[in-house]
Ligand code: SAJ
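The data below hold one chain only, encoded as structure tokens and taken in the form predicted alone.
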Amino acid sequence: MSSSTKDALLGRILTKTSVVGVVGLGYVGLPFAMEKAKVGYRVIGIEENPERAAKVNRGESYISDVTSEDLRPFIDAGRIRAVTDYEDVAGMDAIVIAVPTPLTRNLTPDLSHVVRVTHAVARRLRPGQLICLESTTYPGTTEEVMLPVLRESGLEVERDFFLAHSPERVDPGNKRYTTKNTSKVVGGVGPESLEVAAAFYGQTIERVVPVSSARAAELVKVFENTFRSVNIALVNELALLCDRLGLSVWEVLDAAFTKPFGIMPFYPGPGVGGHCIPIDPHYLEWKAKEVNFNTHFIGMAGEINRKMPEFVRDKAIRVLNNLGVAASRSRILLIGISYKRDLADWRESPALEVLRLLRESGANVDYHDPFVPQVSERSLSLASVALTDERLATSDLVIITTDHSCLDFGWIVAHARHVLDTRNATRGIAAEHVTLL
């Protein structure tokens, strides 16, 4: 039965007559849905947030990498539609799961979204379907967490259905590397699943990279983000050392990066943010403990990166003291609240932690971010303030926490009393009242 089931599914995939389901229409899911629709597939997106689902069905994009102008024709043609429940799962041939995998407050993996979605799919599973997890997670999730749930359907993997992991590699805001031209790692729970999944992704992605197992594919992605976390921590630690030595970390790095071999540019900042780097290395750290292995570099990197907002707070207080202003009576303006330049995404943003710490020190803190008009998280509920000559002039300190390209940093420096620049956004601007990280 497995051969005929697999061949039938492969036939629908190769002729693009298969229906593709995408669970989670966020930064990963919506761009992927678009790529599948572009090559001729019909896509049903399961988005539990009713506001998002309604926007998609109106052809309105809320993701920076997908424009409404690009999305709308596929909505009008019936190539993409969004639903808020799982009733269409039985009619899907391939189901891609791209839901959040956050951390608990104790820095342990929270797979509740993956588990909940897997149960919903299992209740509607039928022979001849491919299920592929794209959410970043620790090695073993696909086989140890998802597979037992899917088997509750009474169907058998590699015979009745196929299961794989293909980690997302989305870099929000990157105009050069998109979903289509970023190579796709694929690992199946067996050879049949790998064959089906590789064929499925090969119809859309320019280069598919098969690996031996789903566990290997899971480890690939966690390592990629751990690599970045460790190197960012290295330059962040260098920034802390340069602060003690009275040197400019930016000058040191600029000179070091002129070497044409044996080095790769990474830069310091107020901390790390987003849905990957602050979270994914802890998945690997947690899994390593299960096999009695201590990941020293990963733990140290996370510790250094998490300390950076405190360092920014402390440096801000030092600057204020030098200006003769007590932190408890200061007025501070943060420029940028999103975790990355030119994005509206403030998940895990270090700027939020800087803001909290400064407020705990008694400062009156506002923020301006052209991409994030409002922030509501835990005890914080703030709206972006207008960036005006008066706002800059009446702030005791302006802290650049996100270097959005649309902002005129020359104008900001010209009107601010003092600037603390954590991103080197004022590079090339000569001013004595600018302090670099």
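The model shown is predicted, which means the values in this text are computed figures rather than measured ones. One rule holds for the numbers: they count along the sequence shown, beginning at 1.
Missing here is the form predicted in complex with this ligand; even so, the following discussion is about that form.
Undergrad: Which one of 228, 151, 356, 331 is close to this ligand in the predicted bound form, taking close to mean a heavy atom within 4.5 Å?
TA: In short, 228.
Undergrad: Exactly one of 189, 111, 284, 277 has a non-hydrogen atom within 4.5 Å of this ligand in the predicted bound form; which residue is it?
TA: That would be 277.
Undergrad: I have 232, 267 and 271 flagged as a candidate spot, so tell me whether each of them has a non-hydrogen atom within 4.5 Å of this ligand in the predicted bound form.
TA: Yes: each residue has a heavy atom within 4.5 Å of the partner.
Undergrad: Looking at heavy atoms inside 4.5 Å, which stretch does this ligand contact in the predicted bound form, given the options 338 to 346, 112 to 120, 359 to 367, 94 to 102?
TA: Contact criterion met by 338 to 346 only.
Undergrad: Is residue 327 part of the interface with this ligand in the predicted bound form - any heavy atom within 4.5 Å?
TA: Outside the cut-off, so no.
Undergrad: With the cut-off set at 4.5 Å between non-hydrogen atoms, does residue 221 touch this ligand in the predicted bound form?
TA: Yes, contact at 4.5 Å.
Undergrad: Answer for residue 171 alone: is it within 4.5 Å of this ligand in the predicted bound form, judged on heavy atom distances?
TA: Yes, residue 171 sits close enough to this ligand in the predicted bound form that at least one of its heavy atoms falls within 4.5 Å.
Undergrad: Considering only heavy atoms, tell me if residue 27 and this ligand come within 4.5 Å of each other in the predicted bound form.
TA: Looking in the predicted bound form, residue contacts with this ligand include residue 27, since a heavy atom lies within 4.5 Å.
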